[in-house]
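Here's a solo chain for you in structure tokens, the form predicted on its own.
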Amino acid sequence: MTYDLTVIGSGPGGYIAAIRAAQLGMKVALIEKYNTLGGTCLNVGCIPSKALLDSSELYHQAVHRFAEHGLEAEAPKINFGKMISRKGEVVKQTTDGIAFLMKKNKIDVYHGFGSFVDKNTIKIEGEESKIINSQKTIIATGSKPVMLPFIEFDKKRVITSTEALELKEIPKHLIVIGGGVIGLELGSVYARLGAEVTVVEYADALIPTMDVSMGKEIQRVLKKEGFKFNLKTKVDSVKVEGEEVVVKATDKKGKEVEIKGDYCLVSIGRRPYTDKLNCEAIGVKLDDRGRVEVDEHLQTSVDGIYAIGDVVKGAMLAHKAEEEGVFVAEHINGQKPHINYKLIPGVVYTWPEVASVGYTEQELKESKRAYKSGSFPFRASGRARASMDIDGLVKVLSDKETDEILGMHIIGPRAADMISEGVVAMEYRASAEDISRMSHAHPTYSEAIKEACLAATGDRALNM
């Protein structure tokens, strides 16, 4: 069988690339080594973690906030098995939906491990081996969790995010190594369900890729929920002793720290997954971090072979991979698409959520770019007071001379949805004044964006 385009990997980048290519009239094949489509995001990442985050947040609301809302009910009980089962059903509905989309778009799906024989020939090893030919190929094989060599990783007590989504019990004390997105999200799930959660982070701040103010605020909020934090702390060993995990570390003062828990989640990052693809044998170059090297069109060092998503440089985010999938499909078709990587938003699905797009304040300072800053706290928002979600703020950074918005950073209710206003504004190079002149429905959380823009343009927020 010969195809115009073959995509190896069915995650958000891969399946979206396949659909867009099919829409453009190409004959497309999609290769997936697992039995279900959707990759890490849909099976063991974004979707299942959000299902558990929503379930645990509802429980937390019932226990801690219903009474203040005037809702009296017996104390809710946790059926953890049911919660995990519901998560599984959400995943199944979503992955089944991808299978439907492949049929709808007449995309041939092969289940098995795909690897290059040569630049136009791919071997698929599954229940039976197959060889297909392809004019173009997209590598979209995603990433795997990073594991430090001195950690005794048994997948039972010392776990990654994959196992954390399938636990049989709620941990009594969950130790989280890594204060980034995955660690804080899954830590939030189990903290809300009653677990003691201790975070050990090597850096001096949480979510270190985001604006410093966001890390400080989420640390303050999570501390109120009972999180314990050990920042600037270097993990030296992780050992399983029976049903206990012992983490030994060195804190910022050089003092040895010992933390004992019943589970340890290691969430220190992910690595590009190109194992056994046979990339190098056909001339596809990898960089020193194992990422596939690509040019401005996301084409690798081999003509006709492209790479997208977590296997190339840039943020490891599903929506970044999706944009790249569409980009490559349209580029192959002769179009001239574009991606502004600075406008790929980042989100942490804690509660309150954290979302960010554009430059951080630290980046602007380091580049010596003159800027203005305006912020507005949700405590001053009528909508936030009504829902009792008063933690957090919106921060807007704009150019000092032109007022063009350079960055937007939100920690607050539904920040993940609201950040799109910042993306749209920055895509069209809007000024803070532009946003402050636009009517925002009242009462809404997004009024805080307008107020922060007013604050950035002459310190003239109206409701504080």
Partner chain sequence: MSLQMTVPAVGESITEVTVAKWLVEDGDTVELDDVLCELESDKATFELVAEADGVITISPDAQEDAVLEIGALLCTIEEGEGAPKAAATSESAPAAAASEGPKATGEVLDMVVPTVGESISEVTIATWTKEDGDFVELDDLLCEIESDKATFELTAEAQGILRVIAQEGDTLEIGAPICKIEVMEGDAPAATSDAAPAAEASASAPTSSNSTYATGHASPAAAKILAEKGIDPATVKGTGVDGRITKEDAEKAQKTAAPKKEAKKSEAAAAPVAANPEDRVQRREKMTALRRTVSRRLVSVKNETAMLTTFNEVDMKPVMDLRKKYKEMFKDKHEIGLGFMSFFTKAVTVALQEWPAVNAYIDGNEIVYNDYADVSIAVSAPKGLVVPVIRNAESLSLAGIEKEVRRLALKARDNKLTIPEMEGGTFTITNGGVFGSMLSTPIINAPQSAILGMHNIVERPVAINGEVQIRPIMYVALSYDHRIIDGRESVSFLKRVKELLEDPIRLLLDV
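Here the structure is a predicted model, which means the values were calculated and not measured. Residue numbers count along the first chain shown, from 1.
The discussion below concerns the form predicted in complex with the partner chain, not included here.
In the predicted bound form, which of the stretches 414-422, 34-42, 61-69, 398-406 has residues with heavy atoms within 4.5 Å of the partner chain?
That would be stretch 398-406.
Under a 4.5 Å heavy atom criterion, is residue 163 part of the interface with the partner chain in the predicted bound form?
Flag for residue 163 set to no.
Give a yes or no for residue 335: in the predicted bound form, does one of its heavy atoms lie within 4.5 Å of a heavy atom belonging to the partner chain?
Residue 335: yes, in contact with the partner chain in the predicted bound form.
Considering non-hydrogen atoms and a 4.5 Å limit, does the partner chain approach residue 196 in the predicted bound form?
Contact check for residue 196: no, nothing within 4.5 Å of the partner chain in the predicted bound form.
I'd like to know whether residue 430 contacts the partner chain in the predicted bound form, with contact meaning heavy atoms within 4.5 angstroms.
Yes, contact at 4.5 Å.
Which listed residue (361, 225, 108, 330) meets the criterion of a heavy atom within 4.5 Å of the partner chain in the predicted bound form?
Here the answer is residue option 330.
Scan 301-319 and write down, in order along the chain, each residue with a heavy atom lying within 4.5 Å of the partner chain in the predicted bound form.
Only 306 sits within 4.5 Å of the partner.
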